[in-house]
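Only one chain comes next, encoded as structure tokens, the form predicted alone.
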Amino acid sequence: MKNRTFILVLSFIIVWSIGPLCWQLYTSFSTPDALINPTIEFTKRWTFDNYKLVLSANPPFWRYLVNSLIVGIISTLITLFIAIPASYSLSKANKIISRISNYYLFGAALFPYVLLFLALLEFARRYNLGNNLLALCIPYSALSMPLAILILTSSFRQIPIEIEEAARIEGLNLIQRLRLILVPLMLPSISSTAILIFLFSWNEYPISLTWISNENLLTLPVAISRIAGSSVYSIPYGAFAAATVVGSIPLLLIVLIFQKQIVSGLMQGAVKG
């Protein structure tokens, strides 16, 4: 009975997770008539026109993928470059400072960044940061920083102090200990954190919408939102779905390539060796 309940719950979770993805894939290959009339003939149900519409756009759709990729990679590198030494420092702090820092970082990580929207817009206007992909990495890194520091601080604390003491006895300075000993031991956690930062940068919409107006510099979410139908009254569901599927391919590849590191990083906090 317990096994049957477990299987049912697991099946429900799988369907709940994969169902929307399958529906998007189905919609991307469906004609507009097929989405309205489920009884339409099989030969009139499928089409590649949605992908042709997306891939033949001007500017080309791949440019938006490259823009999002540039922003995601640079934001991730900036965040990790600052978060790793900051996390190491917090992991060595006394309990009072550590507890206060954790409360502050936890609150900052949960704070709805949409409330900072006007302040960020004014920041971009004052310092002339609009239409600049590198400038877009500044708020993305800042918003990702609290969660990254929280995760990495916890990982630093799980490394046995004897390892670092042995490296110190061997004459390694702080930079060498981080580069040669500590960071390699934390690669699973760093990989998981990097994926979270990259996903946020890849999917972020409001800041990119207001900071970028040049069509050649749009990120993927903003570019998808600008897909228009044949008239004011038509909504191109198929084109939206096709753009979503194409935009999801880089994320799927990243997850497949780094799946071992991601799983190991997620499990690192659950099992203490």
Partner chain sequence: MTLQVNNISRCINRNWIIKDMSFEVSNGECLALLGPSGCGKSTTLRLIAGLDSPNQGSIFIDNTDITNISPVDRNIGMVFQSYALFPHLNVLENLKLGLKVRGNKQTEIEERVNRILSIMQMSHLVKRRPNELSGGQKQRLALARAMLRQPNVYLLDEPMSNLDAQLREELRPELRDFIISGSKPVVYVTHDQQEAMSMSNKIAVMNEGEIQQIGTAKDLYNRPNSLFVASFIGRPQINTLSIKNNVITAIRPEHIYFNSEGLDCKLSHIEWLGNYQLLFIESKYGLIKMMCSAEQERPEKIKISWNKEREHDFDKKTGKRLNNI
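Small disclaimer: the values here were computed from a predicted structure and weren't measured. Numbering follows the first chain given and starts at 1.
Just so you know, the form predicted in complex with the partner chain exists too; it's not on screen, but the next bit is about it.
- Residue contact check for Ile151: none of its heavy atoms lie within 4.5 Å of the partner chain in the predicted bound form.
- The shortest heavy atom separation between Ile169 and the partner chain in the predicted bound form is within 4.5 Å.
- The shortest heavy atom separation between Leu180 and the partner chain in the predicted bound form is within 4.5 Å.
- Though the partner is left out of this view, Leu185 does reach within 4.5 Å of the partner chain in the predicted bound form, counting heavy atoms only.
- Counting a residue when any of its non-hydrogen atoms is within 4.5 Å of the partner chain in the predicted bound form, the hits in 135-167 run Glu162, Ile163, Glu165, Ala166, Ala167.
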